[in-house]
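The chain below stands alone, shown as structure tokens; this is the form predicted alone.
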Amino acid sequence: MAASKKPVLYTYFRSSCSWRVRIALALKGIAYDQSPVNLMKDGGQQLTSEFQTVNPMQQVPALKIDGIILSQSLAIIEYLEETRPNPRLLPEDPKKRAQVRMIAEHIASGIQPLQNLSVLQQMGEKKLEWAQQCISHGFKALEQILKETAGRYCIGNEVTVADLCLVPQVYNAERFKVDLTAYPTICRINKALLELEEFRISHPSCQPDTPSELRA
């Protein structure tokens, strides 16, 4: 199903949703081009009419691939999994696969949207407190879940979609100065994942649109 042209990822260096997709592309060895969309510049380039034709929700990421444009990070990753299945990011065992999706949704639906840029812009002076509260509440539950499911990574010892969601969310927690001492399992898994090349090259500090002062 390889297209004649490389896929194009519409991304922002610090977008955790975009980072999930960058990791998936790296793990699967898919070469792609980046089209940066600066969420802060010019009032937000994602809000332009030009980008609205790419993603009507005016969010990143979006991926142009195989003649279609997909948005929503988990939908993109599932498509990559179905069309380019190696290496697997969803376990064959249905119970483990359900656990992967549970953890991924816990982060992608239950934590990240509550501390997303569009929400924080409405919070005024309370945005840091709000972000800390949302992340801490979610991490308290996630730590409990991971104590039951984790090996080296979120589900056993194989990298899965759950891990693709975890690392960017820990990065967000650190950005918002969340005290992570109460979440040793989360921290241990995050550290192990950041030792992997695919996670490192996908990091916000290493992207073409990363500002010079934030580069690794």
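It should be emphasised that the depicted structure is a prediction, and the values quoted were computed from it without experimental measurement. Numbering starts at 1 and runs along the sequence shown.
Just so you know, the form predicted in complex with a further copy of the same chain exists too; it's not on screen, but the next bit is about it.
Stretch 143 to 151 is the contacting one of 156 to 164, 28 to 36, 182 to 190, 143 to 151, since its residues have non-hydrogen atoms within 4.5 Å of a further copy of the same chain in the model of the complex. No residue of the trio Lys5, Asp42 and Thr48 has any heavy atom within 4.5 Å of a further copy of the same chain in the model of the complex. Contact annotation: Asn86 falls outside 4.5 Å of a further copy of the same chain in the model of the complex, judged by heavy atom distances. Proximity of Gln58 to a further copy of the same chain in the model of the complex falls within the 4.5 Å heavy atom cutoff. A residue is said to contact a partner when one of its heavy atoms sits within 4.5 Å of a partner heavy atom; Ala131 fails this definition for a further copy of the same chain in the model of the complex, lying far away. Although the partner is absent here, Val178 sits far enough away that none of its heavy atoms falls within 4.5 Å of a further copy of the same chain in the model of the complex. Annotation for 76 to 94: interface residues with a further copy of the same chain in the model of the complex are Glu78, Tyr79, Glu82, Thr83, Pro94 [heavy atom within 4.5 Å].
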